[in-house]
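Only one chain is included here, represented as structure tokens and corresponding to the form predicted on its own.
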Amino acid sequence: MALDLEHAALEWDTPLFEMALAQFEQALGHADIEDFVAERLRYPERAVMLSVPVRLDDGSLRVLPGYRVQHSTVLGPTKGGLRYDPHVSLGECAALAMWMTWKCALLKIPYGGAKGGIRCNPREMSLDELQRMTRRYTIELRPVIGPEEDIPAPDMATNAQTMAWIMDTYSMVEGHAVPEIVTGKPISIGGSVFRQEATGAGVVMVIEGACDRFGWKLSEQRCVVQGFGNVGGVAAKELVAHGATVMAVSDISGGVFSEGGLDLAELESWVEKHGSLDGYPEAEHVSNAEVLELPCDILVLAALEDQVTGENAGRIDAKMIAEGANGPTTIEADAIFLERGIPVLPDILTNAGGVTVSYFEWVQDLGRLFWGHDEIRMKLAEKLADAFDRVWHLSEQLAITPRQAALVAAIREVAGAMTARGIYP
């Protein structure tokens, strides 16, 4: 069996999956689970590769590669985003699906992890082309998704409109409305209030918890936020609302910096009008690499994976790092931060606000009973506080890093369910 898995692993053998697997292996020594259970959790339960035909606006046809990876169904249906990007691969989806399993288990959400996407360049596609591609992808995925099987959500270059197309396509096939097939959709068709802000707001809830533990006042912290999209933009605003100073943010065009703090409302207006931070006149412009190395108290990584590596970790000048993105810190960088005494708030805890409110949305759709903004925010804060306390306690008890503690807690949760259920037949 081990040999078969080694051969299968070649199909998703990418640096990102290797990083997810290495993190898993580092935590295993502290998790105290059976060898067979560990072997089962090393690789996804199911990986689907699709050919997605798309008719373009000029009448021509293209066939694009699509993927969906489901890591674990032990705790419940799988859950995870869909991304449209030129670099989407089976290995990338496998890594992100594994992290989603740990994230859901850590937050005690009855889901396993999934991730999928289409390898394409969405910036070169019209809205009609994206719609046709999404609807065909949904049909191709129909045998492996469903409200009790696998529930997609937005991710890179997908959004509420994408989810609406998926929900509508799936519902047409079923013959009735099925809002619970996706989360992150428009409120008018069963979406949840506070879903869009949830990930960024959750990042700051975790940061606030860490500051309390360290005896820091969040209002006195100087912050740099890599990213100014849905996660970074919301996190930046939440930090300012707590009295912190956000000195720098960045997007694909580069970063902007002001020692005294940025005017986020002006920045938002500029981006809305011009499409990016490029050319913003009221701050100093720096490169994306330089943003990461600016002196600050808290560095929020809210862009892409694999941003802080063994090459640049030694130049990071921050007291604490918070991972708003998935997998932004490599194994080598983790080791450097440990040696330097810089705590890292891990992704599977820090950015879990999105999947938590996605779970709330799914529950609301199933019951056709919807909650208000304040109630959802309160429920999210309770979930994250509980997870944070368990991670902090385990980190102190076992003398391990917060990332290892978060993984140990999550792995034990999944392993306990797997042991209780056993293997069929």
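One rule holds for the numbers: they count along the sequence shown, beginning at 1. Every value quoted in this text rests on a predicted model; they were computed, and no experiment measured them.
The form predicted together with nicotinamide-adenine-dinucleotide (NAD) is left out here; the points below concern that form.
Enquirer: Go through 160-168, 222-230, 140-148, 259-267 and give me the stretch that gets within 4.5 Å of nicotinamide-adenine-dinucleotide (NAD) in the predicted complex, heavy atoms only.
Expert: Correct option: 222-230.
Enquirer: My question is simply whether Gly324 lines the interface with nicotinamide-adenine-dinucleotide (NAD) in the predicted complex - judged by any non-hydrogen atom within 4.5 Å.
Expert: Although nicotinamide-adenine-dinucleotide (NAD) is absent here, Gly324 would touch it in the predicted complex, with heavy atoms inside 4.5 Å.
Enquirer: So in the predicted complex, is nicotinamide-adenine-dinucleotide (NAD) close enough to Gln131 to count as touching (4.5 Å, heavy atoms)?
Expert: The answer is no: Gln131 has no heavy atom within 4.5 Å of nicotinamide-adenine-dinucleotide (NAD).
Enquirer: Is Ala235 a contact residue for nicotinamide-adenine-dinucleotide (NAD) in the predicted complex, using a 4.5 Å heavy atom cut-off?
Expert: Answer no; every heavy atom of Ala235 is more than 4.5 Å from nicotinamide-adenine-dinucleotide (NAD) in the predicted complex.
Enquirer: Verify the contact flag for Gln307: yes if a non-hydrogen atom of it lies within 4.5 Å of a non-hydrogen atom of nicotinamide-adenine-dinucleotide (NAD) in the predicted complex, no if not.
Expert: Residue-level check for Gln307: yes, a contact with nicotinamide-adenine-dinucleotide (NAD).
Enquirer: If you check Met172, Ile252, Ala335, Ile187 against nicotinamide-adenine-dinucleotide (NAD) in the predicted complex, which one has a heavy atom within 4.5 Å?
Expert: It is Ile252 that has a heavy atom within 4.5 Å of the partner.
Enquirer: By the heavy atom within 4.5 Å rule, which residue out of Thr329, Ser192, Asn351, Ser72 makes contact with nicotinamide-adenine-dinucleotide (NAD) in the predicted complex?
Expert: Spelling it out, the residue with a heavy atom inside the cut-off is Asn351.
Enquirer: If you look in the predicted complex, which residues in 92-106 sit within 4.5 Å of nicotinamide-adenine-dinucleotide (NAD) (heavy atoms)?
Expert: Just Lys103.
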